[in-house]
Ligand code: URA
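The data below hold one chain only, encoded as structure tokens and taken in the form predicted on its own.
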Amino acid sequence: MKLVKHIANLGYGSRKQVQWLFREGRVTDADGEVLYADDAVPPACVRIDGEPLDPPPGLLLMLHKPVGVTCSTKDAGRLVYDLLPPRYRLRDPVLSTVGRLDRETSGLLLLTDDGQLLHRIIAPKAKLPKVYVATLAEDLRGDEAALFAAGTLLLDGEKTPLLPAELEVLGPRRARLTLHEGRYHQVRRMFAAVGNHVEALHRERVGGLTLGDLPEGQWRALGDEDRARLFTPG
């Protein structure tokens, strides 16, 4: 792939705009030597305004999503893409969220431009555990763990029972819930089914990945070790 097209696909601008970057001398190699549009240089050696190019296609990001931010490209209000460099919206292939966290849920969100990886993560057969901490409006009544683990709970409007899920009591109104599937608003609907209401919800783990010390609203690209950890829940 020609360098101009590669840089354009990373979202730095249209091909015409990228051509102007070259003409203005803003595209250099690692030693600061100005590059030309027809130079054959490995992308890893290219700098724009002195900064390395963004990762190539196959990107996987972890984002610490705050409350009040929507997993969408065009809904009203703040979007998860507003937390990323603006050019990330323009990447080709498109950078998509891996599943969704609703507007009022915080925590670990994955994004990728790799369609095969996305489907591998969300595929039902993967059964990657997703761990949430819920703060509830009412005290736990005591039988929730057994009910959620039974594999017989049927959510309102559905015909297939939920897979067994593990509940750990953290306090009278606080619990950690581990799911092995991803249905619409599942955690909120599970607690609604037992007469409770989720006041706050935070996802702390997907597969073997946790947020670690990643601050709220921040993101980082994931490497090979992270990807391996994702599919090794432990």
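So that there is no doubt, residue numbering starts at 1 and follows the sequence shown. No experiment lies behind these values; they were computed from the predicted model shown.
In what follows, reference is made to the form predicted in complex with the named molecule, a form of this protein that is not presented.
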{"property": "Contact test, all of Leu101, Thr105 and Gln186, partner the named molecule in the predicted bound form, heavy atom 4.5 Å", "result": "yes"}
{"property": "Non-hydrogen atom contact Tyr81 with the named molecule in the predicted bound form at 4.5 angstroms", "result": "no"}
{"property": "Partner proximity in the predicted bound form: Tyr132 to the named molecule, non-hydrogen atom cutoff 4.5 Å", "result": "yes"}
{"property": "Leu201, heavy atom within 4.5 angstroms of the named molecule in the predicted bound form", "result": "yes"}
{"property": "Proximity to the named molecule in the predicted bound form (heavy atom, within 4.5 Å), stretch among 187-195, 38-46, 163-171, 24-32", "result": "187-195"}
